[in-house]
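A single chain, nothing else alongside it, follows as structure tokens in the form predicted on its own.
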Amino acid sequence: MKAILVLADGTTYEGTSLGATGRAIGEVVFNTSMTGYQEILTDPSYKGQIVALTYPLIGNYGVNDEDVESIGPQVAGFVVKEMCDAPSHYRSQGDGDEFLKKHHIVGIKGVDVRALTRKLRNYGVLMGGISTEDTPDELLQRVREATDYGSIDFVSQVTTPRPYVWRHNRPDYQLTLNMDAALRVVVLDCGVKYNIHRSLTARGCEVICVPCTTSAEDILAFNPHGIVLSPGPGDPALLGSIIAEVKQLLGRKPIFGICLGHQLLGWALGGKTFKLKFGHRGANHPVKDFTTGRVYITSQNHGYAVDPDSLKDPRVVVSHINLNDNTVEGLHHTELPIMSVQYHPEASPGPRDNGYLFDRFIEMMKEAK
């Protein structure tokens, strides 16, 4: 079945239907990762976005029930050059097309993704749509009538509806706490990836995940040794109520912000954010940690960044920078137990170059304890 991808400026790409039939509209972005497509599909930070993968062959190792970062696919749509229909891997439980159909994700294959990527790099990300049922003109009209990505609060759509404890590699809503836990961490769920939970529990932490609407006092009522502000989708400037609660947490417990959590901390510490032209999405972004002097290869997925010139408090210092464009990749407070990174230390591009950040957070909690 034929399918089309139309950008808001009228650019049209023809291809073949992938996954579910129908229509999908969202902000069109690209990711340069060679692997990790199932993690990308299930990452809540992609809510509201049509994701194009630049690597020409996707799906060669199939999909399974373990390599997920949330309850299911979160992307609005999916774009690839070629989807492998005969995956080969001992863990594979199906192919990508079946996975997309099962979860009602509309996609398109056979697209010149390199041309699409060049378009987005030159002009910036654009709203767009995929359809198996509209003409290009009909789809273009729908895309132009759609609500702009930057004006929607997607965090409220992806956060957990109620608190849970991460236990046995899945959410446990019984909320039975281990009172003998050496370290208890509350994760504020703005679109958390499950591998953050896995990374913390692997280091001996009890992890409690709470909705993004949870107040500072309710978070502290769990008597945590530390707090993680999770990644998530959308513009942090829309999240004033969450930022207000984060301000109430500053200095009361050690805090680790990741991706959107880093941006929320930036706002709470007096800074601001701005939208990047086409964002950072991939698994090979070089970042320098000023604390160690080392350069790390990082996995990233964000469309906004903290403005370093907006940080007026001299106690708030930039701890990491992106060596591709010198944007802020981390913050550190010189007096309070606060740290943050813009990228994803729970991902494994190096394969585990950045796990030391969780170790640093563990030490921060032990010192405070």
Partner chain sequence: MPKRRDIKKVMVIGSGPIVIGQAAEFDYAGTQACRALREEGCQVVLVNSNPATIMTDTEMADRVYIEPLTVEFCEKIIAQEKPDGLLPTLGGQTGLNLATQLAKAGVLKAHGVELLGTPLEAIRKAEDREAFKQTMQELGEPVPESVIVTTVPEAQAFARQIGFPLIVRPAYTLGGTGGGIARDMTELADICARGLHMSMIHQVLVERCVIGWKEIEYEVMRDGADNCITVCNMENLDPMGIHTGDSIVVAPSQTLSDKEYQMLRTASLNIIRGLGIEGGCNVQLALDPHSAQYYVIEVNPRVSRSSALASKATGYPIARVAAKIAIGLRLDEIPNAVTRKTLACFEPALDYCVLKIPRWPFDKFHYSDRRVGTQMKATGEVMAIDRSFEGALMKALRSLEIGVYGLRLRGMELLSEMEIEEKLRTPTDERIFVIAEAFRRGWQVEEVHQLSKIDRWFLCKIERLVAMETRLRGRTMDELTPELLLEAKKMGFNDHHLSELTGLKEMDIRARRKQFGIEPVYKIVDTCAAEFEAVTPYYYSTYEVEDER
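Numbering follows the first chain given and starts at 1. The model shown is predicted, which means the values in this text are computed figures rather than measured ones.
Form predicted in complex with the partner chain: not shown, discussed below.
The three residues 284, 294 and 353 all sit with a heavy atom within 4.5 Å of the partner chain in the predicted complex.
Exactly one listed residue, out of 162, 252, 91, 272, brings a non-hydrogen atom to within 4.5 Å of the partner chain in the predicted complex: 91. When you look in the predicted complex, the only residue of 82, 218, 172, 138 with a non-hydrogen atom within 4.5 Å of the partner chain is 82. Under a 4.5 angstroms non-hydrogen atom cutoff, the partner chain in the predicted complex lacks residue 133 among its neighbouring residues. When the partner chain is considered in the predicted complex, residue 11 lies well away from it, no heavy atom lying within 4.5 Å. The shortest heavy atom separation between residue 310 and the partner chain in the predicted complex exceeds 4.5 Å. In the predicted complex, residue 61 approaches the partner chain with a heavy atom inside 4.5 Å. Comparing 317 to 325, 337 to 345, 301 to 309, 42 to 50 against the partner chain in the predicted complex, the single stretch with non-hydrogen atoms within 4.5 angstroms of it is 317 to 325.
Shown without its partner, the chain has 30, 32, 34, 35, 36, 39 in segment 27 to 48 as residues with a non-hydrogen atom within 4.5 angstroms of the partner chain in the predicted complex.
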